[in-house]
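Below, in structure tokens: the form predicted alone, a single chain.
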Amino acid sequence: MQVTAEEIRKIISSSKIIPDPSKISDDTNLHEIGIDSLDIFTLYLKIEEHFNIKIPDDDVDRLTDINLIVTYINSKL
């Protein structure tokens, strides 16, 4: 099963990090739209839980947009 950008948007939406994640493009840097470190941490915890994976701290810093998150998760599944 391949993870999609839409699945990541649903996780972002359920995390209530931003009001309407459908309005951000897949390559928009999440930090540039106002998602702070605590919100990023919350998002990655939800992603880990949803996909039953562990994202090492070293990898979190390079997962800055939806495309990178999708590619990363697909490589781990």
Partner chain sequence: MIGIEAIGTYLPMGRVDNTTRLDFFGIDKKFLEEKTGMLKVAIKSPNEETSDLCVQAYSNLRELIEFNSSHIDCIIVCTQNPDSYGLPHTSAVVHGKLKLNDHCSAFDISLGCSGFVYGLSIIQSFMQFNDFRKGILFTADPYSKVIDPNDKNVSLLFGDGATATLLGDDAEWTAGKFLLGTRGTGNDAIRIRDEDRILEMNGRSVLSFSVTTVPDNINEMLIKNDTDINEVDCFVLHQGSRYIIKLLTENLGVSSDKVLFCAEDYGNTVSSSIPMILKRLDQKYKKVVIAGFGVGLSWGSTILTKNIRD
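Everything numeric here is computed off the predicted structure, so don't read it as measured data. Residue numbers count along the first chain shown, from 1.
This next part talks about the form predicted together with the partner chain, which is not shown.
**Q** Does any part of L38 reach within 4.5 Å of the partner chain in the predicted bound form? Heavy atoms only, please.
**A** Flag for L38 set to yes.
**Q** Just to confirm, L45 within 4.5 Å of the partner chain in the predicted bound form by heavy atoms?
**A** Looking in the predicted bound form, residue contacts with the partner chain include L45, since a heavy atom lies within 4.5 Å.
**Q** Does the 4.5 Å heavy atom contact test between I18 and the partner chain in the predicted bound form come out positive?
**A** Although the partner chain is absent here, I18 would stay clear of it in the predicted bound form, with no heavy atoms inside 4.5 Å.
**Q** Counting only non-hydrogen atoms and a 4.5 angstroms cut-off, does E49 reach the partner chain in the predicted bound form?
**A** It does: once the partner chain is placed as it appears in the predicted bound form, E49 has a heavy atom within 4.5 Å of it.
**Q** Which residue, V60, I11, I24, L68, is the contact with the partner chain in the predicted bound form, using a 4.5 Å heavy atom cutoff?
**A** It is V60.
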